[in-house]
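Single chain ahead, written as structure tokens, the form predicted on its own.
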Amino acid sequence: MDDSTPPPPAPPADSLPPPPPPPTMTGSPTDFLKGVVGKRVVVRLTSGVDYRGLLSCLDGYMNIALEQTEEHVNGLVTNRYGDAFIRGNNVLYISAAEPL
């Protein structure tokens, strides 16, 4: 190609390949739980109440210790606690409240 040859035209926008899928987390639930210790989490109880705070520690029965805890009922903050201990049989799930 010499300097007098124009560049080829760009392909139309609709023929571009689709963007890559968003990254997905892989690993076991144990890996996830180890990764969120010391981070902000949301703990949903079987009653539907959410507790949000720093995950201090947890055990094999899913007993949970949270720091700087807020209790949320129907999306509204109803209480604030310094430390909270949640018995594992009440836990529906634990979710990361910040990017990992």
Partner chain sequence: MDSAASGIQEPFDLIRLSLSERVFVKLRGDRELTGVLHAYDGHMNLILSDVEETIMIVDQVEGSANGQNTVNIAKRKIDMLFVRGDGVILVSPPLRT
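Numbering follows the first chain given and starts at 1. Computed from a prediction, not measured in an experiment: that's the story for all the values here.
There is also a form predicted together with the partner chain; it is not shown, and the following applies to it.
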Inset, instruction - Indicate whether the partner chain has at least one heavy atom within 4.5 Å of a heavy atom of Ile64 in the model of the complex. - result: yes
Inset, instruction - Indicate whether Lys34 is a 4.5 Å heavy atom neighbour of the partner chain in the model of the complex. - result: yes
Inset, instruction - Give a yes or no for Pro17: in the model of the complex, does one of its heavy atoms lie within 4.5 Å of a heavy atom belonging to the partner chain? - result: no
Legend entry - in the model of the complex, Val42 touching the partner chain (heavy atom, 4.5 Å): no
Legend entry - Residues of 46-74 having any heavy atom within 4.5 Å of the partner chain in the model of the complex, listed in sequence order: Tyr51, Ser56, Cys57, Leu58, Asp59, Asn63, Ile64, Ala65, Glu67, Glu71
